[in-house]
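Presented below, as structure tokens, is a lone chain in the form predicted on its own.
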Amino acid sequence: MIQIINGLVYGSFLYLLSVGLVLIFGLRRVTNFAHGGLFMLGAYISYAVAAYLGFWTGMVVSVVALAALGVLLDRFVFRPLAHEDAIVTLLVTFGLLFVVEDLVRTIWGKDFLTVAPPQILSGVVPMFGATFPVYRLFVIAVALAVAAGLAIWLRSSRVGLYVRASSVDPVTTGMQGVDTDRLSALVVAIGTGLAGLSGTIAGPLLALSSSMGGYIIIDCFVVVVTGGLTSFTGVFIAALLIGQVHNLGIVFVPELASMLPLAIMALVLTLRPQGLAGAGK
């Protein structure tokens, strides 16, 4: 049972990172490989700030800094490349991933860094005859809060309505008087802000390194493709599924653990090419 909860923790973490990709792809149709680099940058910014001002301040600064970076990314990269071939944008974002990795390596070095959880989340709780870290339960709670917040925002607010409309038909939405460029900047900022949040969350879970973004982005794309590219429901289900498969694979068949998520994605695409929940659901 503890291993299943550990799978939920990893799935929740994957969701926090992957949902930002879904937001950006849904509106900008950009396959953003730089997202892994932004996640890593968010982790290091949070680490640097937390060393002086504490974990929670580090989290806020990381989210705000990455959201601001997202606005710049949308204005000076995504918008100028909006009418270019998709492969051009993909290669540009892939190059940005390496730029961010070099930047982090230059500032913080190549050594692995560790981050302690905040004092209030540093203990353990008894669970199913064993003990379980409180911080890992916190990761699940944050993922559920983000999923609920996004669902309410997209379904109940006027801006959420514009986002959904623009992701289906940006031209017609623009003709109705909606400033789609401003809307895109907001969505990209939220997506990259979530990269900052997941980077902060990753601090006490993973060792910080300049290659952590390139490693995790593969699992995130597996989640997004399996879920249905633009489906928020699909990415939530896929993240929990891939988290369980990855975690149980490490326990029972460690030599195949890294291949199992790819096998799940291939199986889903074979049986259901539109993904688990279909696009836009």
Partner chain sequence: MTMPSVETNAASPRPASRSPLPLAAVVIACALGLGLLVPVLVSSQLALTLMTQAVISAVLATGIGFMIRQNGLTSFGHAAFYGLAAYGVALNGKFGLMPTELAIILAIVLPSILAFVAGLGIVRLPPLAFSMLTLAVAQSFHEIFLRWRDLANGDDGMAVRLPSTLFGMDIAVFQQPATMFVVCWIVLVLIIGGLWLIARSRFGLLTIAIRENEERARYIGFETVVPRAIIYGVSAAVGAIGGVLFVLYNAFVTPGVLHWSLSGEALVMAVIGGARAIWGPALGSVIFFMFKDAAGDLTEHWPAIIGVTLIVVTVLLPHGVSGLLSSMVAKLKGKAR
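Bear in mind the structure is a predicted one, so any value in this text is a computation, not a measurement. Numbering follows the first chain given and starts at 1.
The following text describes the form predicted together with its partner chain, which does not appear among the structures shown.
Put simply, residue 106 is close to its partner chain in the predicted bound form: some heavy atom of it is within 4.5 Å. In the predicted bound form, its partner chain lies within 4.5 Å of some heavy atom of residue 214.
By the criterion of a heavy atom within 4.5 Å, residue 152 is excluded from the residues contacting its partner chain in the predicted bound form. Its partner chain in the predicted bound form is not approached by residue 237, whose heavy atoms all lie more than 4.5 angstroms from it. Residues with any non-hydrogen atom within 4.5 angstroms of its partner chain in the predicted bound form fall in just one of 61 to 69, 38 to 46, 237 to 245, 23 to 31: 23 to 31. Between the options 161, 92, 206, 190, the residue in contact with its partner chain in the predicted bound form by a heavy atom within 4.5 angstroms is 92. Shown without its partner, the chain has 225, 229 in segment 225 to 251 as residues with a non-hydrogen atom within 4.5 angstroms of its partner chain in the predicted bound form.
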